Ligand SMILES: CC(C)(COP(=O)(O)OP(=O)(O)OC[C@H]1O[C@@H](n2cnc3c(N)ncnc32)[C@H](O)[C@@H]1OP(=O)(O)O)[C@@H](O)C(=O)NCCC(=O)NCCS
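Only one chain is shown below, in structure tokens, and it's the form predicted alone.
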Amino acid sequence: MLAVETEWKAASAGPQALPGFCGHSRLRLPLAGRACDAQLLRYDAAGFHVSAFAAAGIAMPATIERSVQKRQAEFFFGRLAAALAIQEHGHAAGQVTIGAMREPVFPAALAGTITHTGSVAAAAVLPAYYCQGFGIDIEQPIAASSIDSVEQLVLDRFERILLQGLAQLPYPTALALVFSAKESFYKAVARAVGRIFDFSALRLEAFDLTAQRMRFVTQEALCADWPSGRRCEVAFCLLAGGEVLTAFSW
């Protein structure tokens, strides 16, 4: 089970003085029989300033320099969370660059993943030899005005019936969890698959609220490691701010 998000006080050299910083916590993720901590940073994009990049020693790509303030804050706090995760594993906080598929590229010895939504960013890393792929994702509960479009994008008929039968969770939260789980799966297997694939490639089969797990099955052959019919489980939890977080490794 994913642990509840808990407060973690950063060291004196931590991010507290950075513009837009609002809080730092950690979350224990049990992945493929091994646990690791996701580093979560809460921030206020309106209070962010690009001077934070130099202050924290994080490179600012030209595309981010030209972006709006909100995108700059997302990128910065995602990379800062990644630096904290890397340091916690005993590595120097090198730059996390941008790959050919726009994915974050971590140091070769590490498998890492970054996510952000609204006012929270998170990152986690594992030693590269622990897994072949690793992904986490955070989402807000789906807004009422977006439910129809997200359903059409993410769910098939079977999945929609399954979610509508979950009385223990508000439907916008349950829908966000499935969306997030499929995003985490995509991040974890994208390198092995080597191409973009749709949400329909993965179907929700079961939802275990007690164990905080969702079981999925592939609906198409994605690659040699992920043929049609392979099953997997994605872990999840609800964060203190109402967001959902999912995690998957293989």
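Keep in mind it's a predicted model, so treat the numbers as computed, not measured. The first residue of the sequence shown is number 1, and the count goes up from there.
This next part talks about the form predicted in complex with the named molecule, which is not shown.
- Within 4.5 Å of any heavy atom of the named molecule in the predicted bound form lies no heavy atom of Arg157.
- The named molecule in the predicted bound form comes within 4.5 Å of no heavy atom belonging to Arg42.
- A residue is said to contact a partner when one of its heavy atoms sits within 4.5 Å of a partner heavy atom; Asp208 fails this definition for the named molecule in the predicted bound form, lying far away.
- Although the partner is absent from this view, Ile196 contacts the named molecule in the predicted bound form, with a non-hydrogen atom inside 4.5 angstroms.
- Contact here is defined as any heavy atom lying within 4.5 Å of the named molecule in the predicted bound form, and by that definition each of Pro104, His116 and Glu139 is a contact residue.
- Heavy atoms closer than or equal to 4.5 Å to the named molecule in the predicted bound form belong, across 174-195, to the residues Lys182, Glu183, Phe185, Tyr186, Lys187, Ala190, ordered by sequence position.
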